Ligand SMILES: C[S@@+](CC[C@H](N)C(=O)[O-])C[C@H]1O[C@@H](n2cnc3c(N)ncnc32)[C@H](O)[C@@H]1O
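Just the one chain here, the form predicted on its own, laid out as structure tokens.
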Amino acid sequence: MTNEHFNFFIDRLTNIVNNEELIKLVISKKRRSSSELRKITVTIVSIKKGLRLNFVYTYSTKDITKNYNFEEGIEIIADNLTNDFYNADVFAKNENIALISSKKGNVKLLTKEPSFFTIESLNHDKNKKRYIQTNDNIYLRELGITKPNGEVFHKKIDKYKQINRYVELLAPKLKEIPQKDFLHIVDMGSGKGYLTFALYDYLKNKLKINVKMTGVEYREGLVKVCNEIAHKAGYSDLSFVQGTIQEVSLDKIDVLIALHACDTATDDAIYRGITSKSSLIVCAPCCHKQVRMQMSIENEINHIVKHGILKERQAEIITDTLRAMIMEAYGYKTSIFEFITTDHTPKNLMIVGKRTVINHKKRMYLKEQINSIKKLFGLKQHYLEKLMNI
């Protein structure tokens, strides 16, 4: 690591912390793939002993929290960046700073205007509608989003904003679905259940829509925790089951949701939605690999993708474009839009497909266009095509 860049970053971070300007620090991109520690989030908190740096160590199935004084905390951050992680993103009141390191030892420092919002802006923003209320909200408290008095934890402000944005986007689309006795909504890869609980809460308690919601999660520990929270909240029509997207046994799926399903797992989810004739399919793709590995271009487009980063971005665009087109060929009117800003997650696109009617002529036209795009980029087959046996 370049000492000059690293020392500047630590010095600047120290000043930001000492001036109490730090909103959030995220340490990510682990150096060892075998490490179970995924990231570290650092914020300033006030406890009986005074101001401290609050460290949240995020693992796959749990979070561990520790507090340190400023000086000790800075030393631990420096040690983590030297031995355990490559990257760090500082969100401060007056600036954002990113430390980006590579396996080869290359280091970059990026600074830009502040883009994060503070707890004060959240509490005093009278014009912004909050779809999920915090007062007496059992699941937000149990999931660690709010304190017992309903105040959002400083370190969870971005998660709370993401929850509200998610509900804001989906609620209108769900209201457009033809009325029936109840809607069965399935959230594939529900994880810790933040978004699953919030959507159920809003549909059931605010919009008074009769829904049954199932969260599907492979990690048994998370399934147990989420079911316990659902019981505490009195959500009798919300349950979580252990299983995979491909194999889990479910009743008729009216709405299928799959957020950040890695690589071809997104296609597995879309496939289940199409074959179940779901009224709505909602996906936020993640970790695109399938198309990039296939690309073999022998035309002028090769100049566009000769640089690795541009090839990766182009592959992501092609992957999701073909997903949307295949969905359209099977009778879904699709839209793709930004789910949340890149300040919160770089995987921020959402694909929504609403089941409709398609004639044979249009289906054939779409399949021809899909084949033309594949030929242009030297692709043999999109994984979703394989699942649909095209």
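Computed from a predicted model, the values in this text were never measured in an experiment. Sequential numbering from 1, following the sequence displayed.
Although it is not shown, the form predicted in complex with this ligand is what the next lines describe.
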| query | finding |
| --- | --- |
| Location of this ligand contact in the predicted complex, chosen stretch of 289-297, 67-75, 84-92, 239-247 [non-hydrogen atom, 4.5 Å] | 239-247 |
| Contact residue in the predicted complex, from Ile229, Leu259, Ile318, Ile97 (heavy atom within 4.5 Å of this ligand) | Leu259 |
| Sole residue of Val225, Leu174, Ala265, Leu183 within 4.5 Å of this ligand in the predicted complex, by heavy atom | Ala265 |
| Heavy atom of Ser190 within 4.5 Å of this ligand in the predicted complex | yes |
| Contact of Glu217 with this ligand in the predicted complex (heavy atom, 4.5 Å) | yes |
